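For this one, two forms of the same chain are given in structure tokens, first as structure 1 and then as structure 2.
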Structure 1
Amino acid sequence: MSCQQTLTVNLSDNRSYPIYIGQDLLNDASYLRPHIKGQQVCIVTNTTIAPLYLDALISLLGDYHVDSVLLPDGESYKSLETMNSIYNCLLENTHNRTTTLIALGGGVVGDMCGYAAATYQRGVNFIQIPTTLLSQVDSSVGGKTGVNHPLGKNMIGAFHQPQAVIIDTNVLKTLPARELSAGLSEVVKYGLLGDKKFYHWIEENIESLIALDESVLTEAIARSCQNKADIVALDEREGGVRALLNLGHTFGHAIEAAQGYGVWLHGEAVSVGMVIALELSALMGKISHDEVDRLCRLLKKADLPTSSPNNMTAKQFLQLMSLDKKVLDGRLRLILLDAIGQAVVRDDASMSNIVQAIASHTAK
């Protein structure tokens, strides 16, 4: 497989957009400039990423009016309060409706930049340049944007699609090992929820992924993005099948909220959430407990947790899960498996089984 690929997220009303995947894309203006509509650009990044890549990006934009916003790094800053620094920059520098925002960073930067783009002057263009594996395979694709509230993750937001997603795999060389593992959690998710062959491929190639083998990494990113793009094309605003992308997230978001945003990385929390979801699926007779153990072995190879924090109780999980966006008319909807590669939305799990699944995977 080629180490450079272009995918398309197919949407209606001429809103389809490309996902470029390959090496050194941040040094090639031809991927970026066609997707900038006006003469104004605002780059949103953070204090960790800016020293590494901001100057290179600005150099590609020499004849544009370029401003930049440096956000503090971390999930704990994904808030309405932090959002004002983006709005302040846009207003102080008189950016108009033809401006283009560029998200240069991980999922937090991408979500906040996208939400700013969705809401500034009721909507302007933006481009995603994700710099973590998790954001490359998940949050940069599909147009979900937003911020956290102390009572719930991503409860304030909007659907707003980017003009393009530019994924430079070279940036992963500067990614901390913990962040790489967190991204692999979302890669595993795509195999579990709808692509059994991909799940088996991940099992066979997990060591190469951890070692950042370029061809294997590009294939993993491309297959993850394609899986997500296919689902988004069918259900852009999560009225149906797109909910399957939340496998492990309802349990995972509870962990993030309970521990304080940023204490556990999103991918770490989702890792445990997937284990609990598969355990619950097994308790409901849909898959074998051997499949739960198999997932745990894979996640451990990726240096991901498989047990929730020992300071969390099932009662705390349920309290936090009741605030989740997947709750509909008082019923908790969970993404579970009928088989590996076959996820379903269910609201009929018994409370006793949910509690048992949580308790079975809580750190002792």
Structure 2
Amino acid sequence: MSCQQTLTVNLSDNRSYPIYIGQDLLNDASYLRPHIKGQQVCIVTNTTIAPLYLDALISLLGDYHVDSVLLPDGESYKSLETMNSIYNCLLENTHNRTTTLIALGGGVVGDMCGYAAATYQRGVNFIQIPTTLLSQVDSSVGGKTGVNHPLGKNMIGAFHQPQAVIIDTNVLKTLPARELSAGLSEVVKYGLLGDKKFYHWIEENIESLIALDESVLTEAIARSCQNKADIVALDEREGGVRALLNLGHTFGHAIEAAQGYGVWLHGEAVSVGMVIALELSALMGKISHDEVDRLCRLLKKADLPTSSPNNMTAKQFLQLMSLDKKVLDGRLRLILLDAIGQAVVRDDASMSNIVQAIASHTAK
């Protein structure tokens, strides 16, 4: 069983870390064990993933002291209240500062485990084993950790980088198809924002991706992670270029918020958000309208939505978008395209163009 790809996230102060991507890595201790420094390990997972993969992971850790925390499943549990169950487990079992936390799950588990690692005794090591496509190509890489607050999503958190990210593509076989599509939305995003060649490659391979073709999937995950790793290496704390990763997200967050979190999956909302962002870029004369149609065709092949719900008005979008963290000094800062594969931050889109871009991609 060999690893098919290893990438590195290059960071200062000896914090660089590897991303291993391949089939069956969850059955191979050689990726995991070199990244565990002490004798104690705490696995954080949830009640859906534990029956599928927890035993396999524990069996790689035979001679360590291993505790596991099973969180309830769902974004609504990504809260400070739920965090306590992780801290309780660590304290009750006297985990010390050399303990290693392991996140086994999707983005919710990864963000919470990461935040526990960032805060427990002022910071301990952690390893990401992401099990959704979204977490494999996005949330497990880059060190953003945290939880939601009733007044805002991801509003409580910390930057804390993992020791390693171990991506086993096999786990995607049990992932619901809708979650797979939601992850593909972020894969498409990397092509659009910074990698035109990759975007065209996705267009050519979308059927194989949906069918979970092993080599195509590994390639898509690796190229996505490479794009994210390059951006994180340039701008770890989102002072500049990292904001480009939010392509489609300001519009998408408005859809998520309006529908109630969990009704639309994040990747579904981002899918429509990217369509609106490209439409706006076309209205501003930066790309052709054919590119918007082309993106819609690709997203449809990935079983993703391309229009916002018909109960949402442009006014509602604008209200929700001005609550979004991408607003600076009252001006709407949006990620738009200068060309396919070339995203930019702009604050000069006219209100009439924004309204038109939203309206032309609302379900009738």
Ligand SMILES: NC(=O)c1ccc[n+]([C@@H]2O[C@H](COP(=O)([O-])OP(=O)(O)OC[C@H]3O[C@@H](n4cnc5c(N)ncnc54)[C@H](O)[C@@H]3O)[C@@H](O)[C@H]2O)c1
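Rigid core here is just the name for the largest C-alpha set that superposes within 1.5 Å across the two forms. Start at 1 and count along the sequence of structure 1; that gives the residue numbers used here. Since the structure is predicted, the reported quantities are computational estimates derived from the model, not experimental observations.
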Mark the structure, either 1 or 2, that is the form predicted alone. 1
Superposing on the rigid core, I want to see if Gln342 changes position between the two structures - specifically a Cα shift of 2 Å or more. no
Per-residue C-alpha change between the two structures, Gln23, threshold 2 Å, rigid core fit: no
Per-residue C-alpha change between the two structures, Ser352, threshold 2 Å, rigid core fit: yes
